[in-house]
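Only one chain is included here, represented as structure tokens and corresponding to the form predicted on its own.
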């Protein structure tokens, strides 16, 4: 069931388009991430949904009701801002109770709801503590509890984890996701962090220059990006300009021909196509006595750089006319070192042909 629908939503600032004719349907009960680089329009689109920005044209509807001209305070949506916007002079309980008091909920019902939410965010022992004395993760939980206190029909999160350190950020990603699934509340989250989107979202909306570049499940977008922009923004990838040689053959920049299983993109002429292969799909093996393997789809090269993060390794391989990144582990390649001759095999099934980045 789809509750939120956007039709041709556009936002212009003078001659510039911040959001450019966006059509989108958000399924009920799912967590959807708006993902893209700074300036792509994702926060502006979220603010239009919230009623904090007015669309230049187009419609916003929720559960069949047109909300385009409905003010923010009458949309019954909860929102967590990037700054969290908690009241520093109030306690944890007072912050959570604030939206209930605006709605003039009775004192008994208010106290019961606040107690319920404090248990939900696992902070019942901090009800009377000033929010200024909380850690970053605790403040984050209080902001979410305040946003859902009045049982909104839609929860909007504007890069709420951007101020947290890396370890706490990853812990909060899981915590928010579990909380959203427990409540079953439809949630839209803005982020520029592809790892965050992959971890949390049921569906990702990738945005580029005010437009939607691709919508889909995280793994579908990672494995089958529709363009060079999406492939480059979602995860690490080897993206190479190639020439179509006819049939299932393509030529790499160094001139070597390889075989691919994928069909070229619909708008891909010879100069408009890129080869995508993810680092984990590059099969790297060390050369025996420096011998060159003449097998199909195999490139001979040398290790130029190694990124060692403990459990995994990323090796940069210089081949003739091509630089590749391959993912491996210390167990698979225990003696890997810079300058070592290696073979990089590009399996045909893992080679994707995608449309090249376009300027618009």
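Residue numbers count along the first chain shown, from 1. This is a predicted model, so every value here is computed, not measured.
This next part talks about the form predicted in complex with ligand ATP, which is not shown.
- Ligand ATP in the predicted complex comes within 4.5 Å of no heavy atom belonging to residue 329.
- Heavy atoms of residue 58 never reach within 4.5 Å of ligand ATP in the predicted complex, leaving it off the interface.
- Contact annotation for residue 333: none of its heavy atoms lies within 4.5 Å of ligand ATP in the predicted complex.
- Using a 4.5 Å cutoff between non-hydrogen atoms, residue 346 does not count as a contact of ligand ATP in the predicted complex.
- Note that among 302-310, 65-73, 31-39, 318-326, the stretch whose heavy atoms approach ligand ATP to within 4.5 Å in the predicted complex is 31-39.
- Taken together, the three residues 84, 140 and 170 all stay farther than 4.5 Å from ligand ATP in the predicted complex, as judged by their closest heavy atom.
- Think of it this way: in the predicted complex, ligand ATP has a heavy atom of just one of 18, 342, 350, 24 within 4.5 Å, and the residue is 18.
- Only one of the listed residues (281, 228, 159, 196) places a non-hydrogen atom within 4.5 angstroms of ligand ATP in the predicted complex, and that residue is 159.
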